[in-house]
Structures are given as C-alpha cells and as structure tokens.
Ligand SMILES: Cc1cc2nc3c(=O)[nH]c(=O)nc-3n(C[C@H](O)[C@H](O)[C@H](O)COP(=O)(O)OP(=O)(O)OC[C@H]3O[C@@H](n4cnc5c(N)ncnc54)[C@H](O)[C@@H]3O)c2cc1C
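Next up: a single chain in structure tokens, the form predicted on its own.
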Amino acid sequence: MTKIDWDVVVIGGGSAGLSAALMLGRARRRVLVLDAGAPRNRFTAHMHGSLGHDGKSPIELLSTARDEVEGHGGVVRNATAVTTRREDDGFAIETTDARIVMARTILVATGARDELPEIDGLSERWGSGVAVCPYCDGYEVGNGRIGILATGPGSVFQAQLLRQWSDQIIYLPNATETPSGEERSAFEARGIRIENGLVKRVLSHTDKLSGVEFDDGRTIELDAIFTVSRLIPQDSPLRQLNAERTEHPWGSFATVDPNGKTSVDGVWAAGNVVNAMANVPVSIGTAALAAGAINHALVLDDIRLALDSNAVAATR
C-alpha cells in the first residue's frame, strides 16, 4: 500500500487555505500547504470590511497566517500542484518542485483570477483605482466621481449599488447595450449619468487613476472605476479528479456541500475556487468549516483503521 505522508494536503496558501491549515494543525493533523504565492487580492494594498483587519495589507495577513500555521505544526511549501490523482486509499500530488506528496485527504483552495476587459491602462490600475466590489472599496471613494465600466447585464445594478456611496456615478456602456426603458428611468431617477462610446484608454496622473478616453477623443475625469470582471476559478486539481460542477450565471464552479465537500470522497474545497462571492472573511470562515469536516472524516477513518488493525492482530 502507498505510504501516506500527510493527513491533509491543502492546495493553495491564501486566506482560505491557511485558515483550514490552522484549524487542522490545532487538531494535531499532519498538514502540508502548497502555496503558489499569488493570492487574488495581491494587487491591492489594503483589505476592507474584514473584521479586526480593516485597512491591513492582505500580504501582511497571509504572512502572519503562515507563521500561525507553522506554529501549530503545519508545513507551508512554496510550490504548486501540477497533477492530482487518486492513488490507493489516498491521493498523490505532483508539485512544481519535482516532488510527489501523498495525502489521506485534500482541501483545494487555489482561488480564482479576474479576467478584465482589454482596455489600455485598465489592468495597470487594478486594485488601485479599478475595483469590482463596492463593499470592499466603495467607502474609500465615497462622494467621488465613479465610473461603471459595463461588461454585461450585471453592470446596471452595480451602478445602482455604487449610487449608495456617491451621487456622481457615470455609467460607461462601452461595448454593451445602453440602458433603456425601466433601467434608464431608474438611472435618471437617481441621477446616474450615461456616457456612450467605446472606452479606448484608462488615464492616470501621477500614478493615480484620473479618467478615461473614448475612441472619438473625448475624455472624462474620474476618481475610480468599478467593473464586473469575469472570474476564472483556478481549479485544475478539482478538474483532474473529475469533481462534479455546477453552472452559475457567473461561471462554472465545482459543486460543494455546506461544509465544502466535493463529489469526490476525501476532497474538499473552499474560497473563490468554488464561490465567486467569497471575500476574505467568507473564505476564512468556510475554510474553517471545511477543516472541521475533514477532521471529522479523518476521525471516522482512524476508527476504521484501528478496528482493522485489531481484527488482524486477533487472527495471529
């Protein structure tokens, strides 16, 4: 039988993965975290709406979390899972540092990446002037000139949502349809301005977002831009294990139960890799729940192994 080196291998070292690893380390489980070192929120200097950590650097939070995990016996390795497969009673994970690690169970917390419209200067301001979440970044630009760069139907409500923070909302349909009918009436009722035209470039001044330029040469001044990115789950391990998926309006994600268990026995997932709405607090909380479920499953397996061992000993 294949030797199992770890009770749990956590694939992903962001807020979800480290939260689960901390809980499992405190449960005295042998835990390995594979950390690619590229969390989704690395582009922003500050977190907001995270109780006890408002305004803190997300990188600083993860550094502290790694220390806490290692302080409870966990191991954090700078590596990425290349292939993940079932092997005997556990799993084999081949990593980018040319190792194969064996695990009884797996938690996938590999996060997601944001796919932005291809507009000159937009990605350079991502996390610093360009954002997606009003609850994360709306307060900091409150009362400012906020542009809504439309990418689809969801952008209309995003504009109405941002109106909560400012009365200077400028809706940029760009390549999408201009709001009409009831949507346009609702815009007019709340003073949301529409600026038609294709956005050619996001403008910056002294390393700060300053506005946009249209393809006809017009420019408007803005203090911030909100858009709806396309969220791409980085879920290769779950795909390799043929985990069942659910189609959502915001994309295709692996299916999990309330405790993060996937359709594959022994495999859990938490954070943005399975939940497009998971901010830092949600990722931390759902991963902690998943860790409890994993430990519960391991205890049941420990009982089975002990009974099997006793049965074998009794026949000798």
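On a predicted model such as this, the values are computed, not experimentally measured, just so you know. Residue indices: 1-based, along the sequence shown.
The protein also exists as the form predicted together with the named molecule; that form is not presented, and the subsequent description refers to it.
Colleague: In the model of the complex, does residue 30 come within 4.5 Å of the named molecule, counting heavy atoms only?
Modeller: It does not: once the named molecule is placed as it appears in the model of the complex, residue 30 has no heavy atom within 4.5 Å of it.
Colleague: Test of understanding: in the model of the complex, would residue 26 fall inside 4.5 Å of the named molecule by heavy atoms?
Modeller: No.
Colleague: Check residue 279 for me: does it contact the named molecule in the model of the complex (non-hydrogen atoms, 4.5 angstroms)?
Modeller: Within the cut-off, so yes.
Colleague: Look up in the model of the complex whether residue 39 has a non-hydrogen atom within 4.5 angstroms of the named molecule, and give yes or no.
Modeller: Although the named molecule is absent here, residue 39 would touch it in the model of the complex, with heavy atoms inside 4.5 Å.
Colleague: Work out which of 234, 174, 158, 168 lies within 4.5 Å of the named molecule in the model of the complex, going by heavy atoms.
Modeller: Selected option: 234.
Colleague: Heavy atom within 4.5 Å of the named molecule in the model of the complex: which of 81, 241, 119, 76?
Modeller: Among 81, 241, 119, 76, a heavy atom within 4.5 Å of the named molecule in the model of the complex occurs only for 81.
Colleague: Check 179, 188 and 224: does every one of them have a heavy atom within 4.5 Å of the named molecule in the model of the complex?
Modeller: Checking in the model of the complex: none of 179, 188 and 224 is within 4.5 Å of the named molecule.
Colleague: Tell me the stretch among 145 to 153, 179 to 187, 215 to 223, 122 to 130 that has any heavy atom within 4.5 angstroms of the named molecule in the model of the complex.
Modeller: Going through the listed ranges, the match is 122 to 130.
Colleague: What residues in 12 to 39 sit within 4.5 Å of the named molecule in the model of the complex, counting heavy atoms only?
Modeller: If the 4.5 Å heavy-atom criterion is applied to the named molecule in the model of the complex, 12 to 39 yields 12, 13, 14, 15, 16, 17, 34, 35, 36, 37, 38, 39.
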